[in-house]
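To begin, one chain is listed below as structure tokens, in the form predicted alone.
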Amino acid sequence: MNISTITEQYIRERLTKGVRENGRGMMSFRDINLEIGKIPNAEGSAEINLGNTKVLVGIKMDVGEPMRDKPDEGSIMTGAELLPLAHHSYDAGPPSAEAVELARVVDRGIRAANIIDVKKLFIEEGKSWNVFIDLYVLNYDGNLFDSATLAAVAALYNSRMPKYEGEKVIREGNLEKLPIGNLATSCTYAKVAGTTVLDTDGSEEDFADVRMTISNDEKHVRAMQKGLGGAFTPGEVDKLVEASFEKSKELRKIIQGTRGD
């Protein structure tokens, strides 16, 4: 019997008894430490430690052309890098399927919640601000979706907006905060050994049968993403949505607590 099989049996046996490996509740997050201003030259940045998972997010803005079908709006682009130092399975090179999924899930929650009013990114005919959200996974120990979302929203919440004057981008001086119209967070649940848990660590995530990420703001579910081959029943999904609204209250407080003016 190999180590992986022994670990799986151990985790499954404990979960069937209602106990997680580190003793926390089934619907509890690990300890969250969120810091802003980690990248000095960025418009905004944040680094999160969710348990042993560490994600760094940088926000950069530049002037570009609006999309042809949205001539009076700016744009948001999200990318993710799973750095080789973060986990032995990550390789250097083009974005992996996991990196693409991470970027898309974070991006979808931010867009759907209208955290940034893209019309306020319009400068003049033919020019608008592009907002680049770059996610860097520095250490993997489960639940990248909620980690990256929390850090990305905190980074946006604390970003300064450059000025565009005389065909030049000005990034210094008295800059106003990026206009933020909403705050959204995500909660990711997984079913392991028939037990649904929030915020899987790396060991639990390895043996999950199904995963569901729910992004919401104070009033509405804004996006949902299912992963893996298993399933949640409609009744289970309803309960997870309800749980997400409760959990998001404390997550928004964490983001709001980072505000520096």
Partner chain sequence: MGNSANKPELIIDGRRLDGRTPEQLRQIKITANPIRNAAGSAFIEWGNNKILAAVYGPREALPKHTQDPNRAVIKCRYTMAPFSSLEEHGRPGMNRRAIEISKVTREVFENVILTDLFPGNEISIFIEVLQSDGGTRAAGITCASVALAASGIPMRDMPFAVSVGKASDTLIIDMNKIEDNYSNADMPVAINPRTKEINLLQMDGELTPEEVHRGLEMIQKAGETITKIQREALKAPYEKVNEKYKASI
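Positions refer to the first chain, counted from 1. Here the structure is a predicted model, which is why all the values come from computation and not from measurement.
What comes next is about the form predicted together with the partner chain, which is not displayed.
Taken together, the three residues 52, 134 and 172 all come within 4.5 Å of the partner chain in the predicted complex, as judged by their closest heavy atom. With the partner removed from view, the residue among 183, 86, 161, 112 that has a non-hydrogen atom within 4.5 Å of the partner chain in the predicted complex turns out to be 86. Think of it this way: in the predicted complex, the partner chain has a heavy atom of just one of 224, 56, 34, 208 within 4.5 Å, and the residue is 56. Stretch 139 to 147 is the answer when you ask which of 67 to 75, 139 to 147, 116 to 124, 101 to 109 has residues with heavy atoms within 4.5 Å of the partner chain in the predicted complex.
Not displayed here, the partner chain is kept clear of residue 234 by more than 4.5 Å at the level of heavy atoms in the predicted complex. For residue 62, a non-hydrogen atom is located within 4.5 Å of the partner chain in the predicted complex, even though that partner is not displayed.
Although the partner is absent here, residue 220 is not a contact residue: none of its heavy atoms lies within 4.5 angstroms of the partner chain in the predicted complex. Shown alone here, residue 39 lies within 4.5 Å of the partner chain in the predicted complex, counting heavy atoms only. Of the residues in 227 to 248, none comes within 4.5 Å of the partner chain in the predicted complex through any heavy atom.
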